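Just the one chain here, laid out as structure tokens, in the form predicted alone.
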Amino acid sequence: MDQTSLAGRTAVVTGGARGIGDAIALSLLEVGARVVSFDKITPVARREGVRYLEVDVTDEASVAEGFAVIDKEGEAPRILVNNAGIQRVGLVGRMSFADWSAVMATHLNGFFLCASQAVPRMIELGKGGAIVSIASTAAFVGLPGRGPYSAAKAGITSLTRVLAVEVAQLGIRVNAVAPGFTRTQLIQQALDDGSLQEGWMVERVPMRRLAKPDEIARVVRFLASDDSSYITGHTIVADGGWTIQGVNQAPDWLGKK
């Protein structure tokens, strides 16, 4: 990819302070984009060239305020990456509704709220745009203990298709990336709480390893760039081949007390 292919374009990356979001921000910077991170947490490592804003993507007013700051500081965003996400693990019947709601609000409501602010600005700017959301292989296979996460990610793939049709004639493309097991803080959280085991994951990935965040980031960058100018409404799976096998039962280590 031309190292200046996104020069001058403003990109909003939600959850950009760490993990895949941080890798996405860095990847977009490398090809000239002006990157604004929306996140509730302090960045692990501040990237030179990234504007960090404290934004809660589950809160309509907070999202609106974040976009208003961008309006004052520069050109409206032409790229939106919906990456913000959290994880809560528990079986249906034992998980609280509060945990369910928190996951759905961050992943799915966050997508809706940010797109609701970005799309009108992209239309007014008149230069087209690209929206890329982070889904997950959890949208396509059954993962015991991850009901809200899987449901939210499946919702992202569906909303991606709907929004793509709504804005296609306006020059705005909408796609998603579904990562498989990626070495991030969320995966580390699952390893720490025992809901995932690395050996179990690696055994089920044909490429026999977890993804690195920058490998996912490069797929996002492709979909945000003009190199994917005739792709819209699709979810690209980046999982080392895992979903061609899937999981057919709950692992013993998840526990059913």
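The numbering used is simple: start at 1 and walk along the sequence shown. All values reported here derive from a predicted model rather than from experimental measurement.
Omitted here: the form predicted in complex with a small molecule. The next part is about that form.
- Think of it this way: in the predicted complex, the small molecule has a heavy atom of just one of Val119, Met95, Ile187, Ala151 within 4.5 Å, and the residue is Ile187.
- Of the residues given (Phe140, Phe181, Phe112, Trp100), Phe181 alone sits with a heavy atom within 4.5 Å of the small molecule in the predicted complex.
- In the predicted complex, the small molecule sits within 4.5 Å of a heavy atom of Ile86.
- Interface membership of Ala61, defined by any non-hydrogen atom within 4.5 Å of the small molecule in the predicted complex, is ruled out.
- Although the partner is absent from this view, Ile131 stays clear of the small molecule in the predicted complex, with no non-hydrogen atom inside 4.5 angstroms.
- For the chain shown alone, Ala135 is a contact residue for the small molecule in the predicted complex, at least one non-hydrogen atom being within 4.5 angstroms.
- Exactly one of the stretches 52 to 60, 66 to 74, 220 to 228, 27 to 35 approaches the small molecule in the predicted complex with heavy atoms within 4.5 Å, and it is 52 to 60.
- Against the small molecule in the predicted complex, the set Ala17, Ile20 and Thr106 is in full contact: each member has a heavy atom within 4.5 Å.
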